[in-house]
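First, one chain by itself: the form predicted on its own, in structure tokens.
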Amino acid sequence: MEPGPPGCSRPAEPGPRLRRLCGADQEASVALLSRARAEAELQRCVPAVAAVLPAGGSGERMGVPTPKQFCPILDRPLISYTLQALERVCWIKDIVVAVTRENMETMKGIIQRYQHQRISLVEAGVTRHRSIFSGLKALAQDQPDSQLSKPEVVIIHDAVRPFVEEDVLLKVVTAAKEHGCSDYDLEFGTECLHLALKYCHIKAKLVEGSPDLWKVTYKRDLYAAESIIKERISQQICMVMDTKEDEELVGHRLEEMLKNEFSHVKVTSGALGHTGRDLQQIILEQCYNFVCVNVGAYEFEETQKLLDVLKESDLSILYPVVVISVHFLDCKSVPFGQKMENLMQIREFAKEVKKRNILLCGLLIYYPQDEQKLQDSLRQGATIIATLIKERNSGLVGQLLVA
């Protein structure tokens, strides 16, 4: 198989189209334009492709009243993750979802709430095969009032396999266009291979999938899927710092501690008003975790600015965004009780932004101290931050933790 053109890789978790932030500069626009050109080039390398998702099942094996494709993971329906995985593939023109009549409005609500694109709905049949047939009919050129274009290749993908990657899909499409199959493929493949041979007189090719291409079938699979998603979105954090000169060293030392906990730590230094370009680019790259270091008379000034920026974007539509507001306590100048009383207003901030799927909590670090105690506090603070981000525990929203 010929490799795709350079620069065509997709972001790991692309999410919805983000609204343009105030003060957006030319550099971010250039990055978006380059991505669009790469996508256009890739689209010329593959045939016209559509996808059909049979999502009419009742999920009896799950053992819950809600069909498994609508079961929540991090408060978001499972099928939304599958749609996201297919949407980020630029060369899939249309995605047809077959759902039962009673779940049609539920599916429309999911599409609207999570801003899914290129999605069409059809009524599911009484069996999986009839649901697939309904999706294929919608893609047929001779259907009246159809807004869909007739594809060369149709991908049939389970609505409850949320972790499919673009390279696997590309292999499937390439094989569908260029190859037949062997008797081995028909013997050990799925019933879809036999159906393709019976009704289309085409020998389809069996393509090996990736380890993550598994199906959510039982209740335990929901917990496994949630763990995988948490792990993926918890690998990268953005640290926002506008520290005074005497606290700058402590902020950077906390940064070094965080590098031991996360794969990627990005830092924007200076007031948020002067780091708009960096922060905007980080948001466009789909970072869902922020550590905001606050100093000065008004304890939450930087955090409030960050929250305002995040609320203006659409970042939190698909995943909860975690914001940890970090504060330093100078034991010599400010009594502990007074500092805690001032910081408890974080509860009000947290209530407000939780409505936007932003999880806010606080962290108080003692400063200055002797070297060993300061080192211990920073290390403990980094561990607390890592736990909050990786667990994404909404029960800790509005809490103020002390290191």
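Everything quoted here is computed from the prediction, not taken from an experiment. All residue numbers refer to positions in the sequence shown, first residue = 1.
Note that the form predicted in complex with another copy of the chain isn't included here; everything after this is about it.
Though the partner is left out of this view, P65 does not reach within 4.5 Å of another copy of the chain in the predicted complex, counting heavy atoms only. Using a 4.5 angstroms limit between non-hydrogen atoms, E352 is distant from another copy of the chain in the predicted complex. Although the partner is absent here, K108 sits far enough away that none of its heavy atoms falls within 4.5 Å of another copy of the chain in the predicted complex.
At the 4.5 Å threshold, heavy atoms of F133 stay clear of another copy of the chain in the predicted complex, well away from it. Between 367 to 375, 49 to 57, 343 to 351, 65 to 73, the stretch whose residues reach within 4.5 angstroms of another copy of the chain in the predicted complex through a non-hydrogen atom is 343 to 351.
Shown without its partner, this chain lists M104, A140, L249, A224 as candidates; in the predicted complex, only A224 has a non-hydrogen atom within 4.5 angstroms of another copy of the chain. Taking another copy of the chain as positioned in the predicted complex, the residues of 219 to 237 that bring a heavy atom within 4.5 Å of it are, in sequence order, K219, R220, Y223, A224, S227, I228, K230, E231.
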